[in-house]
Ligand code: ADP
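Take a look at this single chain in structure tokens; it is the form predicted on its own.
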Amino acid sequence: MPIFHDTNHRTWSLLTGCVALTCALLGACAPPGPPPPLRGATMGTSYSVKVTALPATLSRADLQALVEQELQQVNAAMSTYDPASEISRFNRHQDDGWFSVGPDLAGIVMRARDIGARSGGAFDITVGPLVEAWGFGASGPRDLPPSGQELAAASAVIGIHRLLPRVEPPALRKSVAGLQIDLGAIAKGYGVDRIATALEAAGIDSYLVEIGGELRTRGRRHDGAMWRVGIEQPAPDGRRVQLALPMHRDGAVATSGDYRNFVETNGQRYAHIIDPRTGRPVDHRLASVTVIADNCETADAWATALSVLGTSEGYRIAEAEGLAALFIERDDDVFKETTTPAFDAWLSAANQSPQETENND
């Protein structure tokens, strides 16, 4: 029978010493640390996968292979840099008939159209020709802004209403031959979700998955603390944290901003975020938008849409949609925050969560 009282102090001391020695030799008194993060390159950016622990049946090499397999499948369907991908083949397709694609591509186009409609046309995955015209595409920056004629030509082959998806059987259809799609504003979020789903299927219930700054978390860190997400201050001259966002429950976070990707032509600064409704770069004081959602695809797409809309119109739509959104505006050298009720509720719920250690990433 274990000794839990002080009637045999010598025996208790001996047992305590033995336990301490055993812990020192075997390292069993402290919980093991998490496996090292997985890191790599994908979609023109980087990815990171952190897990609290690995199941006994899954090695770190197995985890790496699992992640890479999911990313390869996403790129095979949605990469505009791979000429053999489904999206590249559809973009080269000049016919107005149905073009067969896989269910993943048809599904994401369907959901992108839905967000495009709900955002009043601010989110449009066909906007690529305008992005190219303003010097943010594959051809690189240009010396002068596009002419009115160039913008008219680009606008004639864009428009989410000119793109039709079909889920069963999965296919896409374009009503103008020059229409192309680019999923850059939603594909990273979709990739994060694919990896998260694969991790859960493999028995991993606590993780942080990130691609190019878009991320999703589940569970908690190995020390029991919440995952915390650093929301960057939208300043081009450095990397400072504006807000450490506590992930008190499972969720995804995405940020869109114009503070790092822009061009200057004849002293005029043009943001890389193009408003598909006007054909021009956005021209407002909104520097970045962060959205919290249940999945990263949704957060990614809405962050872009709200960045196009600006604080006033974006806030109105975000509130109507029940989105948890943080808008950060420039006001000379000061950054002004505007939050939706759903974002405030997220922070309030986090503050009411049980006490935890402060050793967070």
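All residue numbers are counted from 1 along the displayed sequence. Because the structure is predicted, anything quoted here is derived from the model rather than measured.
In what follows, reference is made to the form predicted together with the ligand, a form of this protein that is not presented.
Touches the ligand in the predicted bound form: residue 306 (any heavy atom, 4.5 Å)
Because no heavy atom of residue 306 falls inside 4.5 Å of the ligand in the predicted bound form, the answer is no.
Is there a heavy atom of residue 222 lying 4.5 Å or less from a heavy atom of the ligand in the predicted bound form?
Heavy-atom contact with the ligand at 4.5 Å: absent for residue 222.
Just checking whether residue 123 would be counted as a contact of the ligand in the predicted bound form - the rule being heavy atoms within 4.5 angstroms.
Yes.
Proximity of residue 234 to the ligand in the predicted bound form, heavy atoms at 4.5 Å
Because no heavy atom of residue 234 falls inside 4.5 Å of the ligand in the predicted bound form, the answer is no.
So which of 180, 242, 79, 256 gets a non-hydrogen atom within 4.5 Å of the ligand in the predicted bound form?
Exactly one listed residue reaches within 4.5 Å, namely 256.
So which of 185, 115, 196, 101 gets a non-hydrogen atom within 4.5 Å of the ligand in the predicted bound form?
Among 185, 115, 196, 101, a heavy atom within 4.5 Å of the ligand in the predicted bound form occurs only for 185.
Options 125-133, 102-110, 85-93, 69-77; stretch whose heavy atom lies within 4.5 Å of the ligand in the predicted bound form:
Contact criterion met by 125-133 only.
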